[in-house]
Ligand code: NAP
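Taking the form predicted on its own, here's one chain by itself in structure tokens.
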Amino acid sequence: MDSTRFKNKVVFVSGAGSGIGNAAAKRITAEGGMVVCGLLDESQRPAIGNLDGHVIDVARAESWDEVLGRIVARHGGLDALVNCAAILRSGAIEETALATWDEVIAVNLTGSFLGCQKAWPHLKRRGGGAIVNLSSLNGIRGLARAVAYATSKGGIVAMTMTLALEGARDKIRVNCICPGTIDTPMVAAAYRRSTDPAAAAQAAADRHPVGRVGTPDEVAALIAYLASDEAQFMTGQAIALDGGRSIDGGKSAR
């Protein structure tokens, strides 16, 4: 790990109160970055320790304006954005209420769009920068009984590629990661909602050829690379980080 890779870089990570976002915030901090954490609410503040943190409603443009304004005022600018905030709601199409659809799209897709849109002028003023969006393997392969979630994540892939084209001239790189199942509180909560949580967890592991689910730290390592200057020739990519699951349709089992 390079403890100076993010020296003099200001990075905002949404969804930093838990899971992948929390691991990313800590990884980039360990590599010398000035990380500001986006939190769901004050109850998440202990999870970020001494890091700078602000409660943000990612689905509201005004909330992004307020938080990014504070970051620029305090730290002088913004060099990278990591969009990690997300929610998971299950349900087949006939079971998915419009209110559920709207909630998932608002947080996952609109929240990522607003982050990109509001960070864009700040990145341009720095002469360029990086955006890393968190999609999902479900955004490129689909997920039965999670139509809202999979759709929101697929939208992030398309948005990432579009923005990479728009940002290239201004040296703004935009990439996204499509993780397989990762051991996060959101995923653990999904297991608990099943009739047999232990069996659900084992089934998730078995869907990956490597025989296990991933860890937040493994995703954070890729986030750090994509957000760093080492990835200056990479933009517009949707990278599957999934233990091989995407190459066999998720059918593998040990």
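Since this is a predicted model, take the numbers as computed values, not measurements. Note that residue numbering follows the sequence shown and begins at 1.
The discussion below concerns the form predicted in complex with the ligand, not included here.
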Taking Gly76, Asp229 and Thr235 as a possible spot, do all three reach the ligand in the model of the complex with a heavy atom inside 4.5 Å? no
Which among 50 to 58, 66 to 74, 195 to 203, 25 to 33 is in contact with the ligand in the model of the complex, heavy atoms within 4.5 angstroms? 50 to 58
Please identify the residue among Ala146, Ile140, Val107, Ala164 with any heavy atom within 4.5 Å of the ligand in the model of the complex. Val107
Do Gly243 and the ligand share at least one heavy atom pair within 4.5 Å in the model of the complex? no
Closest heavy atom of Val174 to the ligand in the model of the complex, within 4.5 Å or not? no
Going by a heavy atom distance of 4.5 Å, is Pro185 a contact of the ligand in the model of the complex? yes
Does the 4.5 Å heavy atom contact test between Cys84 and the ligand in the model of the complex come out positive? yes
Mind listing which residues of 133 to 169 have a heavy atom within 4.5 Å of the ligand in the model of the complex? Leu134, Ser135, Ser136, Tyr149, Lys153
